[in-house]
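Before any questions on how it binds or moves, here is one chain, the form predicted on its own, in structure tokens.
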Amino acid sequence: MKTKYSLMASAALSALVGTSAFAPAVQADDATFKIGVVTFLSGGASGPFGIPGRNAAEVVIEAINAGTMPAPYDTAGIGGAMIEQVVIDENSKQKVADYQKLVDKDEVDAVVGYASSGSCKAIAPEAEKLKQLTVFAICGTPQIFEEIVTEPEYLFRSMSHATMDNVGAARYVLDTTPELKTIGGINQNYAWGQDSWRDFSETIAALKSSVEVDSEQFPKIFAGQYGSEISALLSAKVDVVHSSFWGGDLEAMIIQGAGRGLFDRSQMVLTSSDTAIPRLGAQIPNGTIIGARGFNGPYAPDTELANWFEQAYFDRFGVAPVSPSYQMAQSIMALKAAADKAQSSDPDAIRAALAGLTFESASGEVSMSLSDGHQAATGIAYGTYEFDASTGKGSVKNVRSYAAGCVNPPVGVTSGEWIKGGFDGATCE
């Protein structure tokens, strides 16, 4: 796996923003295919997450319409129809009403996006109720298809859920810290944080039962101040601290924790942290374990499609894309791949083709293999952070990759059952 992520630490906040493997698409009667793009445009998650996602949608949709993407996406449009996007802010107190407006008033053909697991828990049943083709780009909780929508027809998620992140993180910690004795965690107190800590701590327990949990901290999401939680972790003196913090919460925790010596006292593993590299630079302590929720950002593959995306994004915005950029791009590529397979821009034809589809993305191959073909499964990589003061650039080293079959549950088994059952069926090289 090539690790090519290397960014200026002084970079400003992210700016606002071949031959097809399938048969040629048939020109649709309707000349446009309208996509509702939902991402954080305001609030603490907008800079690190939402705006990079919006920027990626802009780059990919423009290239699809122009037919300038590399293979297998080198035909113009979605089923021959040009894409029109309607962008809305996920940072809303009326998320369901906003979604309903996209469907009923804006009359979108598909909805892509959403970062927060809380948002997705609210929207998931609405997608099925309104029979609206919807592709979640991020929101990691396994609850979406394991508990909330167990027989999906209209809802998809084009990236792996959080079990991948945390099983991969646990394997990386044990691979690199064989003498591990104690762990602790600081995770946001909602579905994403709770599920992430459960999967990480239970994976550690399943793989090395002698490891003890000494401190579990669950501050409120978007709290911003973590003094008491950091004090508790410092007092516990655990070997490893796990955190699935993301966005502004992640950055605040890094600054506050590093300032008080938490990163010196314990090995920190941050499962969703590549977004902080261009924004914090030298403020991230060397040796921190960095996750990017798959082969995104610093772990993107060395392929024509991945290299095109990184260069096109950089040329437009002056910074390299981070994981939310790759994830948003992946959701749109999923629609394009399905439309190309179906040779149609009809949403029903696209969702039929998307179920169970394997397609290429800027993060590598994606298999829609779980939850009746509505949930993606991919591999993941982890590495440790290193900042070069002479160049002002941060990068990852000591990278290890874990295949999809090693970090995702098999078909028909929930995440919790799989971990507690000892990873039956896992394929780890």
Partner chain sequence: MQTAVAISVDGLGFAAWLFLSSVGLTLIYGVMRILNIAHGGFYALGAYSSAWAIGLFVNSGGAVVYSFLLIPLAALLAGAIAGLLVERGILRYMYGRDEVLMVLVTYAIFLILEDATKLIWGTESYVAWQPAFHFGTINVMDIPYTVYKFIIMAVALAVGAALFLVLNKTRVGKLLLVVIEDREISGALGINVTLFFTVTFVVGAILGALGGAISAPEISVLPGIGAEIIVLSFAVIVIGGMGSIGGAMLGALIVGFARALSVHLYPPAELFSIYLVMAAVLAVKPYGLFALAESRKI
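The shown structure was predicted, so the numbers you read here are calculated from the model rather than taken from an experiment. Numbering follows the first chain given and starts at 1. Note that the rigid core is defined as the largest set of C-alphas that superpose within 1.5 Å between two forms.
This protein has a second form, the form predicted in complex with its partner chain, left out of what is shown; the following refers to that one.
Student: Counting any non-hydrogen atom inside 4.5 Å, which residue from 225, 286, 358, 209 sits next to its partner chain in the model of the complex?
Tutor: Filtering the options by heavy-atom distance leaves 225.
Student: Which residue, 205, 232, 213, 174, has a heavy atom that falls within 4.5 Å of its partner chain in the model of the complex?
Tutor: When its partner chain is considered in the model of the complex, the option within 4.5 Å is 232.
Student: Quick one: find which of 34 to 42, 377 to 385, 62 to 70, 390 to 398 has residues within 4.5 Å of its partner chain in the model of the complex by heavy atom distance.
Tutor: Single hit among the candidates: 34 to 42.
Student: Would you please decide whether residue 256 lies within 4.5 angstroms of its partner chain in the model of the complex, comparing each non-hydrogen atom pair?
Tutor: Within the cut-off, so yes.
Student: Does any heavy atom of residue 368 come within 4.5 Å of a heavy atom of its partner chain in the model of the complex?
Tutor: Contact with its partner chain, no.
Student: Consider residue 218 of the chain shown here, and say whether it contacts its partner chain in the model of the complex, taking contact as heavy atoms within 4.5 Å.
Tutor: Output for residue 218 is yes: heavy atoms within 4.5 Å of its partner chain.
Student: Taking heavy atoms only, is residue 364 within 4.5 angstroms of its partner chain in the model of the complex?
Tutor: Residue 364: no, not in contact with its partner chain in the model of the complex.
Student: What are the residues of 307 to 336, in order along the chain, with a heavy atom within 4.5 Å of its partner chain in the model of the complex?
Tutor: Residue within 4.5 Å: 319, and no other.
Student: Indicate whether residue 91 shows a C-alpha shift of 2 Å or more between the shown form and the other one, with the rigid core used for the fit.
Tutor: Yes, the C-alpha moves 2 Å or more.
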